[in-house]
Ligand SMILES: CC(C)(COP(=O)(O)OP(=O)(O)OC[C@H]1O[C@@H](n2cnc3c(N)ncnc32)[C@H](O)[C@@H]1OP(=O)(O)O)[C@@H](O)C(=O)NCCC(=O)NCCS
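Let's start with one chain on its own, the form predicted on its own, as structure tokens.
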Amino acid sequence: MNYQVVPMDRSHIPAIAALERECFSRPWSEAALSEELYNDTACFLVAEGEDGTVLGYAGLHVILDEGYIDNVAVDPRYRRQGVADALLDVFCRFGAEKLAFLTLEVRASNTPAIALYEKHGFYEVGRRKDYYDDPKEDALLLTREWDR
């Protein structure tokens, strides 16, 4: 499967919002995603197929030397094909150059995502009790640090 990782632009918003609704119990709206286009602390990346199809996306917010990964989502039809790995790799390479750490939350039961994050050097630093709804579940707080 051929795809490229590109910055999110306005043309991606409807497909990303649909992916949000499919993947998350509290999805970001098109309006919220659109606001991120003008947020100087945000970087949203899209894995885009050759025909412009949004295969997946990931969002990052940076404050000083701290990176907070918001969402990583891949269309179920394109999972297990390296899409999330490629998106996360871009953020980790950026982090190695510019950040003290990257952090994120993940459902405690999402073992494929946890394995992916651990592959990229993330480790558990805490737990947020009942963080998620539909179903109610704890979040694991995962972090990757770089020595500065």
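Everything quoted here is computed from the prediction, not taken from an experiment. Numbers for residues come from their place in the sequence shown, where the first is 1.
Keep in mind that the form predicted in complex with the named molecule is not shown, yet the notes after this line are about it.
Listed stretches are 36-44, 59-67, 89-97, 106-114; the contact stretch with the named molecule in the predicted complex is 106-114, by a heavy atom cutoff of 4.5 Å. For the marked spot (73, 81 and 119), a heavy atom within 4.5 Å of the named molecule in the predicted complex is present in each of the three residues. Think of it this way: in the predicted complex, the named molecule has a heavy atom of just one of 125, 23, 15, 139 within 4.5 Å, and the residue is 23. By the criterion of a heavy atom within 4.5 Å, residue 30 is excluded from the residues contacting the named molecule in the predicted complex. Applying a 4.5 Å heavy atom cutoff to the named molecule in the predicted complex picks out 85 as the lone residue from 85-100.
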